[in-house]
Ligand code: A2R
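Only one chain is given next, in structure tokens, and it is the form predicted alone.
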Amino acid sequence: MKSLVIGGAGFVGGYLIKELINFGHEVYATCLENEKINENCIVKTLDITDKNAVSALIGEISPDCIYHLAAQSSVSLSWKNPQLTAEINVIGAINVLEAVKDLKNTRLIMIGSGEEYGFIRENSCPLKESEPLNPGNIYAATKACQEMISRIYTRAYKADIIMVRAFNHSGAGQSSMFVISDFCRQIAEIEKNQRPPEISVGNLSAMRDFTDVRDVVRAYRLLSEKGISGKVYNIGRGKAVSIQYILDTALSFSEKNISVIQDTKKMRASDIPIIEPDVSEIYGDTGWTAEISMEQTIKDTLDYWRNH
């Protein structure tokens, strides 16, 4: 199978490329001019906001499956730069949809986010894919818009598109803009005496579903093989835990005596108390379920920062 990973230089991209290569795919991957992809694949430079470039590249490669990962994926950054977030997440996705709408033998995996559910109704967790979307931040709104437009292209052009709502995923190599990596980086720096023995945190009461990135990319591959065109799939562990639990687990892997300091700068302008998915649809259609424990993910992430 010939696969194209759009946004291959990102955190998830490297893991997905490895997953696809391990299963015998011929892999093409895109990145920006100032980015680098170290995996053993065919690398192409692409700016997804350039409609003509997107169309030309997809036409040239004619892939069996496209995984659209390229995105501005930080919630905090989306508050600071909503224009950039919309340009990349909405306009970029439209450019990809335009390029594939008339291709009959290409499947598109459009990656969205569990953040799309937003301000959820009371007692609605675990969230089914039929739950109304009510985004609570700029990033989530752009991803919900991306999904709605993808649905339109599926109906209007009979395009082979699978839409994903991926919940929080973490692992070694993730940017410290994200909570597990942030905690682990701070702990590693404390252990090396590069900062005082104090860890800076935001809202610890919020509950989120976390999955190892290696499990997530396996889900993407299985959806390319067994997913049903036009469907939306939640991807997550199916069990939310508090950020306090994440912090406590990370601290348990260190012998240092570390104080916890709440930083108002890490508090979001709007935060949803709990987000937890129902993952029965992807399990039913592909047999996928999360296999790597959260504790293993945190330990691997901490070990990564200890070595970097």
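Model, not experiment: these values are computed from the prediction. Start at 1 and count along the sequence shown; that's the residue number.
Keep in mind the form predicted together with this ligand is missing from the figure; the text below concerns it.
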For this ligand in the predicted complex, the stretch among 126 to 134, 108 to 116, 204 to 212, 150 to 158 with residues bearing a heavy atom within 4.5 Å is 108 to 116
Picking from E60, D248, E35, D263, the single residue whose non-hydrogen atoms come within 4.5 angstroms of this ligand in the predicted complex is E35
Interface check vs this ligand in the predicted complex: of L46, I275, C41, C65, the one with a heavy atom inside 4.5 Å is L46
Do L222 and this ligand share at least one heavy atom pair within 4.5 Å in the predicted complex? no
May I ask you to state whether A71 is within 4.5 Å of this ligand in the predicted complex, using heavy atom distances? yes
### Message
Can you tell me if V90 lies within 4.5 angstroms of this ligand in the predicted complex, counting non-hydrogen atoms only?
### Response
no
Would Y233 show up as a contact with this ligand in the predicted complex if we use heavy atoms at 4.5 Å? no
- Among W79, P82 and V179, does every residue place a heavy atom within 4.5 Å of this ligand in the predicted complex? no
When this ligand is considered in the predicted complex, the residues of 2 to 16 having a heavy atom within 4.5 Å of it are G7, A9, G10, F11, V12, G13
